[in-house]
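Just one chain is shown here, as structure tokens, and it is the form predicted on its own.
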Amino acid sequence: MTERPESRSRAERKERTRQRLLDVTLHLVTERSLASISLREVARDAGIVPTAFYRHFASMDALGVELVDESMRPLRQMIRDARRGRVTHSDIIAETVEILAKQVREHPDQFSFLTRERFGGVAAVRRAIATELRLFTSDLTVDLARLTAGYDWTTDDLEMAADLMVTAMLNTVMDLLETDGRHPEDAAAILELSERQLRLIALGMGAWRSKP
């Protein structure tokens, strides 16, 4: 059955309001923690009454979890796509750093939110960020298993190497957020260091042998 135009219009308005709630909250958390922001404040800035908020999210915690997904999912998918078909550490590292830099440059508020709320006061958001980071590590572990097939690494050691790489990338994000756009050479130096760090981890993997 064909969807009626008024139904499509209603759904589109609802989606626009939902996105406005996310955008307003992301703007508010550029200077404050999510825990300090009230539902009433978000609703007011989005131009709706507080009771209408619940048509879109069950709570501010649920909105925060959605912000995590909106921030992390595209990055994880882009990096996963970039790794597909690559056969060397160098290819994967170079493209991963390039994608990470582009995303931080284009979406600084999202990454500021993630780095601040990773240890923030909203437990559901902390768990959501931790889950996304574990998924990053899991994806990378699978790739490392493919690239080190001849070394008979244990799963624990592969996960350890992947975690080191993810931690290095997190540090890169935090460093990039501190740079001044008027000095692009600072960001370039951070990205060069990031690539060197990841290559160093990859080189060390070549000499590592898992205990039997």
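Sequential numbering from 1, following the sequence displayed. The structure displayed is predicted, hence computed values, not measured ones. We call the rigid core whatever largest set of C-alpha positions still superposes within 1.5 Å between the two forms.
Although not depicted, the form predicted together with the DNA is the subject of the following passage.
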query: Stretch in contact, per heavy atom within 4.5 angstroms of the DNA in the predicted complex, of 140-148, 182-190, 52-60, 168-176; finding: 52-60
query: Non-hydrogen atom contact T30 with the DNA in the predicted complex at 4.5 angstroms; finding: no
query: Contact label in the predicted complex: T17 to the DNA, heavy atom within 4.5 Å; finding: yes
query: Contact label in the predicted complex: S38 to the DNA, heavy atom within 4.5 Å; finding: yes
query: In the predicted complex, I48 touching the DNA (heavy atom, 4.5 Å); finding: yes
query: CA of L39, rigid core aligned, shift of 2 Å or more between the shown form and the other one; finding: yes
